[in-house]
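Take a look at this single chain in structure tokens; it is the form predicted on its own.
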């Protein structure tokens, strides 16, 4: 199963790759989507970027990948 970016609809074979794409792109629409999802879960795009840069492991990528997986049925 391929996973689509909820913003630009590009596809990758894992949700983790979509999460990396979203962080890497970092344009306004991608940031806005992450911020919108974070309203109910208590994070922002910047929060995730800071955690990714300052904490070992890929917690932010994994967290965003899980959000992306849940959003797939709405795309």
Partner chain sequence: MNKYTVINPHSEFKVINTHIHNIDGMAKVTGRATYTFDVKLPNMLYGKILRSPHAHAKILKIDYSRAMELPGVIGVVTGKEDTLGIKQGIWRRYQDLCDEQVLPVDKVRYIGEPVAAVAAITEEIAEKALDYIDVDYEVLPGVFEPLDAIKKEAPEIHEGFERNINVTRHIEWGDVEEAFEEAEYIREDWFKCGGQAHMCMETRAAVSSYTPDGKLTIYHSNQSPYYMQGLMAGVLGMREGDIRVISTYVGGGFGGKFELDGAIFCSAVLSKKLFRPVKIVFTREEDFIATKRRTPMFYYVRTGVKKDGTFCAREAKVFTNGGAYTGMGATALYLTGFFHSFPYRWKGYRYDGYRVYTNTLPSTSMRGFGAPQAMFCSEQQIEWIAADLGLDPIDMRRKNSHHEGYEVPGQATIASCGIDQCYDEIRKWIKDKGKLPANRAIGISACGFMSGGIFNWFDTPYSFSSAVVTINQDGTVELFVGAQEIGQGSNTTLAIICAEALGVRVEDIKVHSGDTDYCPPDLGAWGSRQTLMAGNAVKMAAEDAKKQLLEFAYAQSGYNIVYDMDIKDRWVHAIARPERGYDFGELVKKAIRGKDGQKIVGRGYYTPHRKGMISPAYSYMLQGVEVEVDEETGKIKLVDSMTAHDCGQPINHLGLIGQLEGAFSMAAGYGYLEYMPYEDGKLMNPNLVDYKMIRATEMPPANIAEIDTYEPEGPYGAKEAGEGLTNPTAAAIGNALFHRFGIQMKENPIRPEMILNALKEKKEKEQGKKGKK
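For clarity, every value in this text was computed on a predicted model and none was experimentally measured. Residue numbers count along the first chain shown, from 1.
The form predicted in complex with its partner chain exists for this protein as well; it is not shown, and the discussion that follows is about that form.
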Please tell me whether any heavy atom belonging to residue 31 falls inside 4.5 Å of a heavy atom of its partner chain, as the geometry stands in the predicted complex. yes
In the predicted complex, does residue 55 come within 4.5 Å of its partner chain, counting heavy atoms only? yes
Look up in the predicted complex whether residue 23 has a non-hydrogen atom within 4.5 angstroms of its partner chain, and give yes or no. yes
Distance check, residue 12 to its partner chain in the predicted complex, heavy atom within 4.5 Å: no
